[in-house]
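One chain comes next, on its own, written as structure tokens: the form predicted on its own.
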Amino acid sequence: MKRFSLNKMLVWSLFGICVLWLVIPFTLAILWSFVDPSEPWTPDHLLPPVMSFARWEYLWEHSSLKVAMLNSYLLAPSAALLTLTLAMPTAYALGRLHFKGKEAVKLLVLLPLVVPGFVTAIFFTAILFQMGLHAWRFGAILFAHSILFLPYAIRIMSVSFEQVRQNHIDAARDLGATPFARWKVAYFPALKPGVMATLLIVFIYSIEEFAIAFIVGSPNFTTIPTLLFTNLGANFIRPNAAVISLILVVPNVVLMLFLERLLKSANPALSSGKG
């Protein structure tokens, strides 16, 4: 009975934390995004006096929101694909090969994650300027995002390569399978969840990255985060910031839920089959 009560208390505590952390901020952001410009939302009102889509329409028609969304949703998938491509050789070596110092290399790969992202971004932009890549803003930001998010991709894919069963590779080779066929029946089923996870995680991080996009891209290259922080600056207008924050956050939440479902459905023990 005591155990049941403790479990119930923990569940309700977790529910309360989720409400404070997610439901309340999202609800306030939604309400603020629908505040009509003709009637401000003052502290003496529990809800906005007048609600409309005026803020959404204004930002869509009279700001750089469309350009920012186009830039962000071109940049993020490009960064995800490039990061995955660059991570594959290192991930294969860490996941399939045996050599001295392998554990130390794994640790070194993850060390960049210890440094605050904003600090890393500032110093990395200095390198981009020294290399002269800043002139091509999209390419410079794409290259920077791919390098900054490599630790995530390498870690995920190295674990995925470790899940590939050697007996499946040997069986495919003994049956005369070509290298491509061995990749298809032995490697790909085990790597598929990791590939999807890598693409989604890098996509989300690239969408939300601000420092490099702002330093390198300003003033001509605008992304959703740079537009959001611009509206949070000196001319702070809370309803406009609420609209942009929802456009930034909601798709990422949906992607994270999809990622969680994907990873739960993946069974590493059965992720490589004798096709």
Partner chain sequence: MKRWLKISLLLMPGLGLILIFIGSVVYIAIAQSFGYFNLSGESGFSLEYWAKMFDRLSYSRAIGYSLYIGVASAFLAVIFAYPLAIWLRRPFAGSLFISAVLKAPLLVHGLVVAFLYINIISYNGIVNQLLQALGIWDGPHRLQNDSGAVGVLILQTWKNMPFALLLLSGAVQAIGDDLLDAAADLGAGPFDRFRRVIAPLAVSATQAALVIVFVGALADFSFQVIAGPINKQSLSQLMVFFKGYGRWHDAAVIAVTLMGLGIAGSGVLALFSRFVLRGGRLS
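Residue numbers count along the first chain shown, from 1. Because the structure is predicted, anything quoted here is derived from the model rather than measured. Under this definition, the rigid core comprises the largest set of C-alpha atoms superposing within 1.5 Å between the forms.
Omitted from view is the form predicted together with the partner chain, to which the following refers.
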{"query": "S218 within 4.5 Å of the partner chain in the predicted bound form, heavy atoms", "finding": "yes"}
{"query": "Contact label in the predicted bound form: Q166 to the partner chain, heavy atom within 4.5 Å", "finding": "no"}
{"query": "Proximity of T178 to the partner chain in the predicted bound form, heavy atoms at 4.5 Å", "finding": "no"}
{"query": "Residue contact check: F143 to the partner chain in the predicted bound form, 4.5 Å heavy atom", "finding": "yes"}
{"query": "Which of 117-125, 156-164, 67-75, 185-193 lines the interface with the partner chain in the predicted bound form (heavy atom within 4.5 Å)", "finding": "117-125"}
{"query": "Contacts with the partner chain in the predicted bound form, stretch 14-30 (heavy atom within 4.5 Å)", "finding": "L14, F15, C18, W21, L22, I24, P25, F26, L28, A29"}
{"query": "G117 C-alpha shift between the shown form and the other one of 2 Å or more, rigid core reference", "finding": "yes"}
{"query": "Rigid core fit then L97 CA moved by 2 Å or more between the shown form and the other one", "finding": "no"}
{"query": "Core superposition between the shown form and the other one, C-alpha change of L128 at least 2 Å", "finding": "yes"}
{"query": "Closer or farther in the predicted bound form: C-alpha pair L150, L128 (3 angstroms or more)", "finding": "farther"}
{"query": "In the predicted bound form, shift in Cα separation for I141 relative to L111, 3 Å or more", "finding": "closer"}
